[in-house]
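A single chain comes next, written as structure tokens; it is the form predicted on its own.
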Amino acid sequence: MQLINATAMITGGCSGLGLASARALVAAGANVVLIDINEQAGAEQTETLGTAKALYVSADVTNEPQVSAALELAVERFGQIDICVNCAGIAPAERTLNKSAQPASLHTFTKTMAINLSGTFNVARLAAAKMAGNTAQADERGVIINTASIAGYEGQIGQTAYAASKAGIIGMTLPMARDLAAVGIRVNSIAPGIMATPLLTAMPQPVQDALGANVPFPKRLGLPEEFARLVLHIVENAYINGETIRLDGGLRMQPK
């Protein structure tokens, strides 16, 4: 799919991997719709990206009416939705049983699944409904990119909820791609490793260095810009479909 004048809807678009993707897409000539719940960041990032190319809409990814309304605003502003990049998510840490043998919170597990997995599915399905009405470009009407994690393959101690939610994203990638093939919409996922997002860069430098040292090569944290470059490549390469692509420097996570 061509990036010039395409419109991308990005959840979690005001920080981290989502914001890096937004910057790369705008630089490549696309319009972006930032979906987030941080209104201050939304206003700031829209201004930085340029109000002619960027729109911020506050919406909870688990809320169908809010996501539907965001899509309507996006179509009203830019004409159609061509690309959907799902980056919204949370990453709580909690063991199934703590050291006192108390069970993990069911609420935390359910919330993680709701935001990371159900929220991704909710946005993807509603975006696909809009994309299906697009005029096809070389038989293609849209591209959906979801964010999984290598934790979906090798979840660590304390990552039961997070790993389960990301494994769910990996598991729905191929069947969703098969579901949407008839209308010319591709679906892929990216499974990042240890990325230099605000959550990790807020840690002390020795901690960051220790995490990076575990990566086979290059021995450092992954950059949000590297995630964004993969987003652009997936959009432009029409033969990538139904795939979950690891972006981890060859890292395979240990138990802890």
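In this text the structure is predicted, and so the values were computed from the model without any measurement. From 1 onward, residues are counted along the sequence shown.
What follows is about the form predicted in complex with a small molecule, which we do not show.
Not displayed here, the small molecule is kept clear of Cys84 by more than 4.5 Å at the level of heavy atoms in the predicted complex. Using a 4.5 angstroms threshold between heavy atoms, Asn241 stays clear of the small molecule in the predicted complex. Although the partner is absent from this view, Gly142 stays clear of the small molecule in the predicted complex, with no non-hydrogen atom inside 4.5 angstroms. Contact annotation: Ile194 falls within 4.5 Å of the small molecule in the predicted complex, judged by heavy atom distances. A heavy atom within 4.5 Å of the small molecule in the predicted complex is found for exactly one of Val61, Val187, Val33, Ala30: Val61.
Shown here without its partner, the chain carries Ser68, Thr110 and Asn122, none of which come within 4.5 Å of the small molecule in the predicted complex through any heavy atom. Partner proximity in the predicted complex, defined as non-hydrogen atoms within 4.5 angstroms of the small molecule, places exactly one of 76 to 84, 132 to 140, 94 to 102, 147 to 155 at the interface: 147 to 155.
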